[in-house]
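Have a look below at one chain only, the form predicted on its own, in structure tokens format.
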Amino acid sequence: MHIISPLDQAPLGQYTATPAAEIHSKLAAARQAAGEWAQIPVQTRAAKVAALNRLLSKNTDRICQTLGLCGGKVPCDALLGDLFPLMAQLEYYRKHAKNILAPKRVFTSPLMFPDAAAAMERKPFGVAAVISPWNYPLQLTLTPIITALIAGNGVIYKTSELSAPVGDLITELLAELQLPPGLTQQITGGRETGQAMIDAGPDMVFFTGGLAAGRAIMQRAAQHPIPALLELGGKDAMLVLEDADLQRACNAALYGAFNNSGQVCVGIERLYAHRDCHDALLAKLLDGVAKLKVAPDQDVGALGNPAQWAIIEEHYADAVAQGAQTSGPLQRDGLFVKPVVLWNVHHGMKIMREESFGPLLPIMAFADADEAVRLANDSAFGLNASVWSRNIPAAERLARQLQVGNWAVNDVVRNIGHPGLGFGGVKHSGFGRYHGAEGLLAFSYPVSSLTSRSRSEVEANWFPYGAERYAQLRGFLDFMYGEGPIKQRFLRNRVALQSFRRYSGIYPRQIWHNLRALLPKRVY
């Protein structure tokens, strides 16, 4: 694989795909190391991994330069899109991982389970396979890696083949963390290598990428079977109500649509504005888009994937052919594409239905809040959305009607960078969550426990059975869940409850006394 820079097509290196046999050996090494790693206390694991922040801070300029060379990013986007959310997540887990993953006691009814205690605890899966995309190769690789590690797993990981140099940088940074040897393993290659990673038999898969690739990953994982978490992109809607601050909404839309040249899974791909403010907002957008600077060190960088140009061109041409008006022609200089605003659009156009993943912003008018919700939900995707209004309660009520995994009011994109909020989608945007407590829970599985301290030689549900045992159990069932006030249920099943002395040592009089002490007076 010959890697070239989207900035100037300069060569960045030559890479060879990791052979299947080597993937198996890397997985075995990670699994062996994971056994040792899982025995280390959560707080210690989190502290070791969080030391990565010091390395990221020390190497910030180098990291931003590498992200620019590999993905066409401008330096500010490398900071905001890759480093800031990653470092915030590391600090959040350093502070909260211990409590999130701590065993939790579960209420246990003294009548159903006398002399017993119940709890839930979390266990790591073993080895997580992380497969990441080219648009945010540092953040979308390291965030699941650090989450998996803190949860107690080993990791094998593969960046997009377009971002192989970033994968090398990640490997170099992880090597300085003093983790058990072999705990993290880099895999290099394209689609076939990703398939081989899954066929090697990791214990879970975390994939970020497109819908078609996500379906293939899920199908592959199902053959083994292993759990898969999928984040598959979106067609995110921005809803601007008539009372919104239009200048703030305009600035947010320009950032949300054209940040990283539109190559953002939660970027604004559909803008809906109330008909009373549509024209005024459009005028502001046209003025704003004309001022954006497209250059390596300015506002908008280059496309990170040359293949994306064909999709952008197709969506633009289809919209124009169906009557859309535009802020200008679709222009490119190498892989630098001039952002375009489009209006007079409708849902019959590809630009309103398919993920463009490029610097195109269509704007469409709606009549009222009901139509806004209907239009926003008329999509196969459901990742993120935003609602804009000075009436915060009304905006929140509207946002709760949207079929998405995440939403924000009067802000855009930034909500997914909140380290305490789980992130993920619904519908074709995938399933599963990472970030926040949800992330650590997703990279571990729950184990339920029940410990009995009973000294009885037999339990009520054990043999022997028979008509008498049935009557006793039937009475207990009626007492617990039957009709009528609890006192009435107690009195009519007193004889059956008396039989439970043998198993629990609890007498009916004690049961009634305990219930009177615990339950509100109005229950009787």
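So that there is no doubt, residue numbering starts at 1 and follows the sequence shown. Computed from a predicted model, the values in this text were never measured in an experiment.
There is another form of this protein, the form predicted in complex with a small molecule, and it is not shown here; the text below is about that form.
Asker: Which residue among Gly405, Gly256, Pro362, Gly194 has a heavy atom within 4.5 angstroms of the small molecule in the predicted bound form?
Answerer: Contact residue from the list: Gly194.
Asker: Counting any non-hydrogen atom inside 4.5 Å, which residue from Thr159, Ser386, Thr147, Ser261 sits next to the small molecule in the predicted bound form?
Answerer: Contact check passes for Thr159.
Asker: Give a yes or no for Gly72: in the predicted bound form, does one of its heavy atoms lie within 4.5 Å of a heavy atom belonging to the small molecule?
Answerer: Gly72 lies outside the contact set for the small molecule.
Asker: In the predicted bound form, does Asn153 have a heavy atom within 4.5 Å of the small molecule?
Answerer: It does not: once the small molecule is placed as it appears in the predicted bound form, Asn153 has no heavy atom within 4.5 Å of it.
Asker: Taking any heavy atom pair closer than or equal to 4.5 Å as contact, tell me whether Cys250 reaches the small molecule in the predicted bound form.
Answerer: Although the small molecule is absent here, Cys250 would stay clear of it in the predicted bound form, with no heavy atoms inside 4.5 Å.
Asker: Are any of the heavy atoms in Gly234 no more than 4.5 Å from a heavy atom of the small molecule in the predicted bound form?
Answerer: It does: once the small molecule is placed as it appears in the predicted bound form, Gly234 has a heavy atom within 4.5 Å of it.
Asker: Non-hydrogen atoms within 4.5 angstroms of the small molecule in the predicted bound form: do Trp134, Ile217 and Phe357 all have one?
Answerer: Heavy-atom distance to the small molecule in the predicted bound form: all three under 4.5 Å.
Asker: Choose from 442-450, 242-250, 160-168, 321-329 the stretch whose residues reach within 4.5 Å of the small molecule in the predicted bound form, heavy atoms counted.
Answerer: In the other structure, the partner sits against 160-168.
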